[in-house]
Every structure is written in structure tokens, then in C-alpha cells.
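The chain below stands alone, shown as C-alpha cells; this is the form predicted on its own.
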Amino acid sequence: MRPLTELETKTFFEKLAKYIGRNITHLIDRGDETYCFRLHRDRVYYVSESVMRKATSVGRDQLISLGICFGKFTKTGKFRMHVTCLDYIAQYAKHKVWIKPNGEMPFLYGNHVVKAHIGRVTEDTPEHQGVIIYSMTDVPLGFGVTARSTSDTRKMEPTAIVVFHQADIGEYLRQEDTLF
């Protein structure tokens, strides 16, 4: 377990900023306790400083996990966010998409969101922007990247892809043997 290097921090915060923008400061500067991001075995964990200090007494080989896993770095240096961070990024999301009940199951099975399944969209969402996918009852289901801007989406046909799937809460069931 170690702090992120400058390059890792830049890559991680750029990816996180696609979804929550400048609200990253709310994750670190919390009122209850100070939190930080730590790297352990190519995974970035969000952990309180008090828990982090206690974890230093555990050896690297024995430490399996620490705090909330936000994602992992690939061998090429890119960062992939995991669905485990959904509850934290959903609180501070800038752009949101709500899908109808008939579109929830296809999304939870790993499919992209089509226009026919969209209930509401945050106004002025640009193209290739990270969005949080909600059900119509405001339950966060996952996250993705927009294929088109909000204004372009209105002109599209019902079967056109609006949001590219990145991660969803159904991954726990589909990939439970490979998540850890």
C-alpha cells in the first residue's frame, strides 16, 4: 500500500473528473474524517487515514483489501473504474441518465442504453461525458459514457445507442468469481 505517484494521480483524477468534475474535493475533504486514495496491487482504494494507519501494521502479502476499491490500473497505465465506487460517485455526479423500467434489465445484463429506454437526461450533457445511470426511482444502477450530446439525442431514432455501458450493479452476479 502506497500513495499514488504523480502520473497515477493525474490519470486517476482525469478519469474521476469525467463523472464528478470538481466534486473530487468533496471525497477528500470530508467533515467527519480525512480520506485519501492509496494504491495496493494496481488497485486504487478510498480509505480513511485512521484505517490506513492501522493497516500499515499488516504485511503487504497478507493485506487483501483496504477501504473501497475505486478501480484498477491496467498494464498499459490506463485506469478502469469498478462498480464498487458507484455509491460514492453517484452522490456527486454532474450528469445523470434515468432509464425506464423496461430498460433496466438490458442495462444490468451489460448492454448499452438505447434512446427508447431513456426516461430523463441531465440537460446540456456533452458527447463522450461520463454519466451515472439511475432507475426512475433514483436508484443508481451503474455508469457509462454518452455516445451523443443531449441535443443530438433528441434527433436520434429509438434504437440508437445513447450511453455506452461501462459498469453496472449486475456485475456482482455475472463476474463474482473474477472480481477478486
Partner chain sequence: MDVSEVLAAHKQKFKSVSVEGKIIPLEFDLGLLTAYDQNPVDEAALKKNKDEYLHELSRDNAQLLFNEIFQLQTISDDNGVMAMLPNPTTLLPREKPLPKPKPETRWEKFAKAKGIVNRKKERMVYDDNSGEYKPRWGYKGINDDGSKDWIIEVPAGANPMEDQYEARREAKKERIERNDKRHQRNLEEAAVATKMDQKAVNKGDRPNMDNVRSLKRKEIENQILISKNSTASAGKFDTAIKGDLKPKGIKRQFEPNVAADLSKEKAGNMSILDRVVGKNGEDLVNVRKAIKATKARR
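Positions refer to the first chain, counted from 1. Not measured: the values here are computed from a predicted model.
Omitted from view is the form predicted in complex with the partner chain, to which the following refers.
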For this session: Using heavy atoms and a 4.5 Å cut-off, decide whether 1, 28 and 56 all contact the partner chain in the model of the complex.
Result: yes
Seminar exercise, completed: With the partner omitted here, the residue among 114, 69, 52, 121 that in the model of the complex has a heavy atom within 4.5 Å of the partner chain is 52
Exercise. Do residue 43 and the partner chain come within 4.5 Å of each other in the model of the complex, heavy atoms counted?
Worked result: no
For this session: Could you confirm whether residue 94 comes within 4.5 Å of the partner chain in the model of the complex, counting heavy atoms only?
Result: yes
Problem set entry | 4.5 angstroms heavy atom contact with the partner chain in the model of the complex for residue 24 | yes
Problem set entry | Interface membership of residue 34, the partner chain in the model of the complex, 4.5 Å heavy atom rule | yes
For this session: Pull the contact list for 1-18: residues with a heavy atom within 4.5 Å of the partner chain in the model of the complex, in sequence order.
Result: 1, 2, 3, 5, 6, 9, 10, 13, 14, 17
